[in-house]
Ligand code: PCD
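As a starting point, one isolated chain is supplied in structure tokens, in the form predicted on its own.
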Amino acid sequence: MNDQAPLSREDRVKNLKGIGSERKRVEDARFTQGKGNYVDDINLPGMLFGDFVRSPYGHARIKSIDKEAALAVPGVVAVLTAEDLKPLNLHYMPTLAGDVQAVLADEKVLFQSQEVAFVIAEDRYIAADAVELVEVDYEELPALTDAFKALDEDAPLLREDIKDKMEGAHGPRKHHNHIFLWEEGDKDGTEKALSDAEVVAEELITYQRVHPCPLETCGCVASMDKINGKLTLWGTFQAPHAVRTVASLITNIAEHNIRVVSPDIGGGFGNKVGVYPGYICAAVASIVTGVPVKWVEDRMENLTATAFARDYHMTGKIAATKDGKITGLWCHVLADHGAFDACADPTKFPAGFFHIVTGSYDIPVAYVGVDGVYTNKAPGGVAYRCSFRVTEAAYLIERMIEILALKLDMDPVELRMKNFIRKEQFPYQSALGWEYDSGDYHTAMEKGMAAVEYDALRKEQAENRAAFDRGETRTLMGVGTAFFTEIVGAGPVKNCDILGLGMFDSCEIRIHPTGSAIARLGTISQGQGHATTFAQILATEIGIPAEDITLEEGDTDTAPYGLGTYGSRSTPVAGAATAMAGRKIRAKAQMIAAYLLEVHEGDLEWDVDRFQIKGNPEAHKTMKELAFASYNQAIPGLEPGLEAVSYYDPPNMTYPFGAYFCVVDVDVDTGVVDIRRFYALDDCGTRINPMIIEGQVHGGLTEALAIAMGQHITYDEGGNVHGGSLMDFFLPTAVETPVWETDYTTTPSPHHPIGAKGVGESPNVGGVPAFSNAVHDAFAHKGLTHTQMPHDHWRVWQTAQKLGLTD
């Protein structure tokens, strides 16, 4: 007999720790105690290790490869080259973008650090030593590293394997280095708007090549069991089911005989979505040798050879009236895709969702054209904290707004407010084809302006500029503003697929007799806190405390099919699948409760964790009671048990937005930019766990700081990579990272089951233009219109010097 007094409704809600609760991350105890299980922690009996011979050249013909010295090293088992893979038809692999990529260089190398040979040995040190003994005779060829020269008549031919193929995966190719031309919008109408405009602002804006740089590099362990014919892959896979399908297509091993497991992953940021030669070589080596083979790349390999981000050269033209009403937007992008088109974009969108470039503004007519080109650089543009080129689009429109404001001599915030999509216009159809779900931009901007005391900042800036001109200070104050609209939740099958796989997602729930539960999803966390937040969604939906719900992801033998985690799609798609599966459970539980309480289902109402008779809350059955009853009572018309699965195909994307403000002080003599203040207001719809959201915003802002102020992967004319180590590639530490001020508004998505929109990418999307606008604003009164990122000390000092501000 239970003598305890019944809990109040408030206490029952509190015990659930459901949606809106600041529940601590359940994952962290394991990670902070060193109990995580990453790919390199996996060690199997008899395991071999692989390492790559990589090209020192950006572009060269391979005249010969001599393996003998390497094979003579004790412990070396084999050295694979493209010639070894050809009989297996595995020397090329499909890319996510519809191109093919050489697994090992086939007769020529196309970028520095390209994989040339795969050495397999008894331990990784022997393999590394043997790599040095593989003799490759190269004939160096002219390298092409300038995207603007890629389509010149005399530009070197890079892809000899497709030199005569003038039809690509996305339509006609107009040059041997051309990949596609992708166009959206009304070109004629936009050009008319520009010709009729009272004011036109135009600028070439480059978003430099950067690298996601997750803490854990890429790797995998392949194990072929020749007895049962089953291939198991453990790897740093952000989309394990898609990897299984691709592995089946490549190896011809039936998909049910392939198990793909993503163990703990130390950060992804899009870098672990694609398929890399290391995965193929490890799998081939295990199939051939019959023992497990591990491949884990080192930091330099990760920086120089795995997928990059950005590398977009964007020409924008924006038309407006003299009083600041925008009448049209025209944009052309030269997209540098490197040696192979391995960008991680949905199949139908070769430039991702770049056509969100109209941003938060009600622009009546717009046009976008994107030319993709091959160069001698590493392939594979990824969605580094953005949903498929949204970050580039947001940067372009937010810089163009600032440039237009300068031309109009108008405050940039006033210009934004004048052109925002109004609250009553949602759902809003953009000129480039997207339907925005919900928004209240004016309220967000006004809240941000009040929080940072925007008018006072501008007054202080005017005083600072006067003091600078009088010679009383050598620093200039900049106020940067950015207002962004993201597009996340890549999932509607009608819009999005990768290699023909629709981007739905899934959740399977099993309620145990005692009222605890396990949920399995097609996503995989790389630090986002899925085990915490998805349990909170279920807690609210099915009335079982979050702490009694276990979540599993990343094992294709147990999890339902899903398209993985990237591009802020987990909450908008898999989170919706979770809620819908929970509702199926609740619907069955309602039928059980009706039977037990001897009433009609319509006489019941849901209340936190139970069904109760309407008007008689004392007559109720808790979810735990219903779970037990489902296993021990014969309910007429119902199967025993309480389980459900949901495959969720969202009807639309979601559109989180935000207002960011950055205040900087720029020392014109040193180029040092001091981030005095950064305020970020995000609206990601319903907030599942405010504490986790805040953590994601902090992380995204720190990455935005890195990109805007320092990150850049550069190449010289010979195709040599600069910045191939963390000595040269800027990763902010606590020393460089400012204090972040966060805030929010809440505008739920009308078509998501719980109204959530996703937030992981937003701070990077909005943060980069906010930083950049602040630096530009510091020099705006001295005549600066635009300068390219990153705004490191050297570049900023050069800007000051060009403006005649240095001594």
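Computed from a predicted model, the values in this text were never measured in an experiment. The first residue of the shown sequence is 1; numbering continues from there.
Same protein, other form: the form predicted in complex with the ligand, not shown, and the subject of what follows.
Contact check for P263, G554 and T556: none of the three has a heavy atom within 4.5 Å of the ligand in the predicted complex. Checking 633-641, 377-385, 200-208, 503-511 against the ligand in the predicted complex, the stretch whose residues place heavy atoms within 4.5 Å of it is 377-385. This chain is displayed alone, yet in the predicted complex one of G98, G527, P545, G185 has a heavy atom within 4.5 Å of the ligand; that residue is G527. The contact residue chosen from G278, G270, G359, P240 relative to the ligand in the predicted complex is G270, the criterion being a non-hydrogen atom within 4.5 angstroms.
The ligand is not shown here, and in the predicted complex it never comes within 4.5 Å of any heavy atom of V775. Using a 4.5 angstroms threshold between heavy atoms, A659 stays clear of the ligand in the predicted complex. In the predicted complex, no heavy atom of K108 sits within 4.5 Å of the ligand. At the 4.5 Å threshold, heavy atoms of G760 reach the ligand in the predicted complex. Residues of 677-691 that come within 4.5 Å of the ligand in the predicted complex, judged by any heavy atom, are C684, T686, R687, I688, N689 in sequence order.
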